[in-house]
Structures are given as structure tokens and as C-alpha cells.
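Just the one chain here, the form predicted on its own, laid out as C-alpha cells.
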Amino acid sequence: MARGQPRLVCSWGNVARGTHSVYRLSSRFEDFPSLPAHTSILPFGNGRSYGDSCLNVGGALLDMRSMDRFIHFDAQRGTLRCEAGVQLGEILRIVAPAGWLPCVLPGTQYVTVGGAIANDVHGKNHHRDGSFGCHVTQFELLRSNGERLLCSPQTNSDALAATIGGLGLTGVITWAELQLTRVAGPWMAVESVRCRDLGELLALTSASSQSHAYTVAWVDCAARRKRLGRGILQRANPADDGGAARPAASRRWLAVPFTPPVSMLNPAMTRVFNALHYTRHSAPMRSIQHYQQFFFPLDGIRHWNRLYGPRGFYQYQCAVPRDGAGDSIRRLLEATAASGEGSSLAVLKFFGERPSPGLLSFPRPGVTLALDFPNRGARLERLFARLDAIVAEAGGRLYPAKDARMPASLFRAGYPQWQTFSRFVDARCSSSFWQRVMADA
């Protein structure tokens, strides 16, 4: 094990950053790193968490990206075993040609398996298939005392529940086994439908969750009054014919080559884009899309986070209970529109009844709303305080993987099992997020 190398590490939102001693595991057979006294460490995947849950400023990070080996793929049963540093995009390269996909895919393929488990990521099909952790059949957890735990629903199930959604705090996932889902081919039958207001959007999303495997809605956050919550619902099912007569997927990759001196996504530009995007969908649009286009639209722009400029951006993602969800979402959108801050991207999804297996898993039955904002300092903090109050009153929660400023009180209220979880935190593991929300515990 090499000595930790000092490195400045930033989260994907670029609002959280700091110097870390970076260690590396190159094999699942290596031991837990030997650390200086009083130094904590955090497993680090591909750094796609938006806030500080992937950072451990002043401490150490354990870079897992060299642990990228496939161990076994059963093309008949649809099970895959791999090291924790394998990215979902690499899994897709292997399993999609054989007629399989991971059961749950988040909004980017550049997420490691370990990161997907640690954040119990969700996708556009939570209403049917639950979260990523629901389809993890087993994994190995390496603890700082050298202990290796085989975790499954039948063996060390308490450690499994703490580690799924556990933000990397329970130790190091060395390898994991996933159950995949059978598909006819790599193509999706997609329909986009325009909705005039929030009521229509929620009603159509609810109805579509009965008929479609995947649903997601874009919301125009600048719309107000009678147009509040207007948006575009996108719903899809796997194409029945598997796309046999269609050409191979072809995609032009764009890139943002540098960080501009100011954010390119200001409120005025957002209002113009939203109006044009909404107007474009005057009639329902049907298409056949490759899974990469459907699941990972933002991956088509490399380093898109740079568009927000040197101050970075925040994502505010909340989940509110099903009862009263319409009123809660309406109040969140009203506060956002009234603030004039302008969310550059607003996404709404339904969460289903299937329980997430993790003690700190974010998904819960109800509705989730994600809002992206350029970092505009105190003005944005005032809006966040108003949004926090609405979420707390609704009995909701925020997503740690996207958070960089959640108050400790809101975390503890939203995750009532945090005390049970804290008993499983490894003695040498910590993170900037965990230190922030546990500062006065």
C-alpha cells in the first residue's frame, strides 16, 4: 500500500472541495490501508456525488477506480459479479449485447458499482422496480480491523442494510453481485407528452406508472400561477422487437472544454430555454431511442458541470410522502418561481411502494423533485431555507448524494434510523457530509 498522496478533490457540483490524502486499492485481495493515527478515510468511486458525501476534507480518500475487474457473468441467469470500481457503462458494454440490463440505472453511466450501492441510486422505474440496492444479491465488505464480511439478505443482513445507502461509511465494498433484467434489445419506445400545469402533470405521471416501466417529467420552474408546474412527461417501455431492423446506435459526443469565468446558466437564459422547450412539444412525440440516449441524456455532454462556472452549482433533491405530495410540490415550485433564482433543470419522478433495503436509503413512497441552481451565494441560501421548511413540514427528506448544505436537524428528521445506522459506521471511516450532520450529535 503506497503512502497517501495529497490532492485537491472536488465534488461533481464543484461547490464542495478540499485537500485529501489519496490512497489506492488496486485489488480486491488487498488489505485495508494502514493510516496515520487519528486519520479517517472514505472510499471514493468516480466522484459523481454532487455535494460533500464523497469528500473527506482534511482526511483521506480511498480511490477505488483501479478495482475494475469483472469476476463472473452468468448470461443464462442474468447475474454479474464484479469489483466495486467497475462503472455502470462498462457493465452495459458487457451485458447489453447478451440481452440484459441492470435493473436500475441512474441518470449517468459514469457511476461505480460501489458508489451505486453506497448511495442506493434510483432511476426512472422506481415505481416498479425500487432502488439499486433491491437488486444487489451479495457483496463483500472490508472493515478497517481487517474483517471481511460476506453480506446478503441471508448473511450479515444488518451490515447489508447499513451499507446499502450507507454513503461509504461502513467500510470498503470490494466486490458485488447484481441481478440483471432481461430485455429484447437495447431500444426503448418513448413518448413525450406536454402537460399544462402541475395537476395534469401529476395525474398523467400517476396513470403512466401503471402502463409504462419508465417515467420521468421535466418541469418548467419559471412558470407561475395557472401554468405552475407545467412540463413534459416522458414515459417508455422496452421496444418489443428489440430494434432488430434498426441501425446500431450512433451518438455525437460534445464536451465543455473549460470552465467559463461565469455561469452560462443564468435565470434569464433558463426562462428562455424553458419556454422554447415547452413550446416544442405542442403534440405528443413518439420515438425509438437507444438506452444510452434515454437513460443518460446528460452524458452526451462531457464535463457539463463546467457550464455553471467556477462557483459550481447545487442540486436540491427532495422526496415527499404520497399523501399531500401535490400540495408540497406546488409550494416548492411556487417558492422557486417567486425567488427568481431559476432552476436550470427540474426533474420530477414517482417513487413506488417497494421498500429500499438500506437504513439511510433516500427513496420512499411518494414524489421526488430535483432542482439545479447555479451557486449564487446568500440569495440561494434564503431560497433553500424556504424549501427546507416545506420539506420538513411534509415529513420529507433530502438526498445526501446530491446535498452540500442540508441542516443536521433536517437530516435527522428525514432519516429516523440514523442512530441505528451510526452503530455500523467503521471506526476509521468518515466524510465531510457525516461530520457536518453529526457535528452536535
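All figures in this text were calculated on a predicted structure; none of them were measured in a lab. Don't overthink the numbering: it's just position in the shown sequence, from 1.
The following text describes the form predicted in complex with a small molecule, which does not appear among the structures shown.
- Exactly one of the stretches 266-274, 115-123, 199-207, 284-292 approaches the small molecule in the predicted bound form with heavy atoms within 4.5 Å, and it is 115-123.
- Note on contacts: among G171, G130, G358, G229, the single residue with a heavy atom within 4.5 Å of the small molecule in the predicted bound form is G171.
- Contact annotation: of the candidates G59, G47, P374, P33, the single residue with a non-hydrogen atom within 4.5 angstroms of the small molecule in the predicted bound form is G47.
- Under a 4.5 angstroms non-hydrogen atom cutoff, the small molecule in the predicted bound form has W12 among its neighbouring residues.
- Taking the partner from elsewhere, S339 is found to have every heavy atom lying beyond 4.5 Å of the small molecule in the predicted bound form.
- F73 falls outside the set of residues with a heavy atom inside 4.5 Å of the small molecule in the predicted bound form.
- In the predicted bound form, K402 approaches the small molecule with a heavy atom inside 4.5 Å.
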